[in-house]
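Read the single chain below, which is given as structure tokens and is the form predicted on its own.
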Amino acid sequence: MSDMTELNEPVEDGHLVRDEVRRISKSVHARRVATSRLMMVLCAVALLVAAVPLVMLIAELVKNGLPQLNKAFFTTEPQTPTLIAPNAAGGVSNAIVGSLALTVYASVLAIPLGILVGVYLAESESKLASILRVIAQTMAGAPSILMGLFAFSFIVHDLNIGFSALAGSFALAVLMMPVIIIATEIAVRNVPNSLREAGLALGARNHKVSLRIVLPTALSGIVTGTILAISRAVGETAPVLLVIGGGFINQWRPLDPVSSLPLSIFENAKSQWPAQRLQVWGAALVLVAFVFVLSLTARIWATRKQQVRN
């Protein structure tokens, strides 16, 4: 009988241990579920808090800006209201043309050089690459007004070119380059080394591998970063405020003064005429829509490329 008791004792102890493990496991699981739900609630609250000002801003833009949008708004040049015609504010065609010209010229200056530097940083481990990487990261976080001051000092003053689209596009190009460089470096570094090794194994030289294998593979990331850099530059006011000169006519030549949508918003917001102050909402809505379209294009491009790759 005592032998049977001794045989049953380990079995009972095993049941007790399993019950204790189940109890502790359920307690830990319940605590983790409660913590997870609490974090989800906090994230939802944070999302709502962050979305409220954004939704209010968009609603205000649509409410005040949409009535300003008509054919004359996009096709006519600005006018100065008078006591006889206080609502004759004209349109913002000069600002739209100037913004497009600045964006195109800045892209021509920044995109090729930014991509080349980004590829160099990704493919090289030299001291020069380390220095350039630090410079690019520092410039990406620098205040945008510094780009305008640099363009004013170098282009307008030192080179004596004067207030022009070239000076504004130079300031925007300096602003865009760090974003393009960093995006290109990340995209190129994410290319699997097996692709590089396969190209080298077939006898291709390093520059051929970079141009024909690495860059096409990293193209989606490079294009996404480039579009985001352009969308950032389009809405910048500080870099161009000091150097483009402004103007009331549709002007796009590089060496002539031009206007831009951010500059038009800045100037009309200070106007004493209500018609020009109302026009600010229309220009702001157009600018936000343009930036939104560029950002959405970048997201769609990146998503589709990722789906094709997978």
Partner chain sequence: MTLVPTDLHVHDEAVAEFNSATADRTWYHFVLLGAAVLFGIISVGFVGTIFWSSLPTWLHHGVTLLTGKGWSSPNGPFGGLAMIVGTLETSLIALALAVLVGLGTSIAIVFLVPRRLRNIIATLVELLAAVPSVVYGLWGLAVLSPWMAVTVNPWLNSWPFAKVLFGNPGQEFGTSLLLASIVLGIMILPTFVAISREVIAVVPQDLIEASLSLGATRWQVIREVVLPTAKIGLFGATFLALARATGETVAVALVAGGVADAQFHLLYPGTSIAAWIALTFGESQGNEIAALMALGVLLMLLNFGFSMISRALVNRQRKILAIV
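Positions refer to the first chain, counted from 1. Note that the structure is predicted; figures quoted are calculated from it, not measured. Take the two forms, find the largest set of C-alpha atoms that superpose within 1.5 Å, and that set is the rigid core.
Same protein, other form: the form predicted together with its partner chain, not shown, and the subject of what follows.
- Heavy atoms within 4.5 Å of its partner chain in the predicted complex are found in one stretch of 171 to 179, 94 to 102, 191 to 199, 74 to 82, which is 171 to 179.
- Heavy atoms of Lys127 never reach within 4.5 Å of its partner chain in the predicted complex, leaving it off the interface.
- Contact annotation: Pro262 falls within 4.5 Å of its partner chain in the predicted complex, judged by heavy atom distances.
- Shown alone here, Ala136 lies within 4.5 Å of its partner chain in the predicted complex, counting heavy atoms only.
- Residue contact check for Ala269: one or more of its heavy atoms lie within 4.5 Å of its partner chain in the predicted complex.
- Of the listed positions (Leu159, Val108, Leu116, Leu219), a single one reaches within 4.5 angstroms of its partner chain by any non-hydrogen atom in the predicted complex, namely Leu116.
- Each of Met40, Leu57 and Phe150 places at least one heavy atom within 4.5 Å of its partner chain in the predicted complex.
- Contacts between stretch 227 to 247 and its partner chain, counted in the predicted complex as any heavy atom lying within 4.5 Å, involve Gly235, Thr237, Ala238, Leu241, Leu242, listed in sequence order.
- After superposing the rigid core, the C-alpha of Gln272 moves by less than 2 Å between the shown form and the other one.
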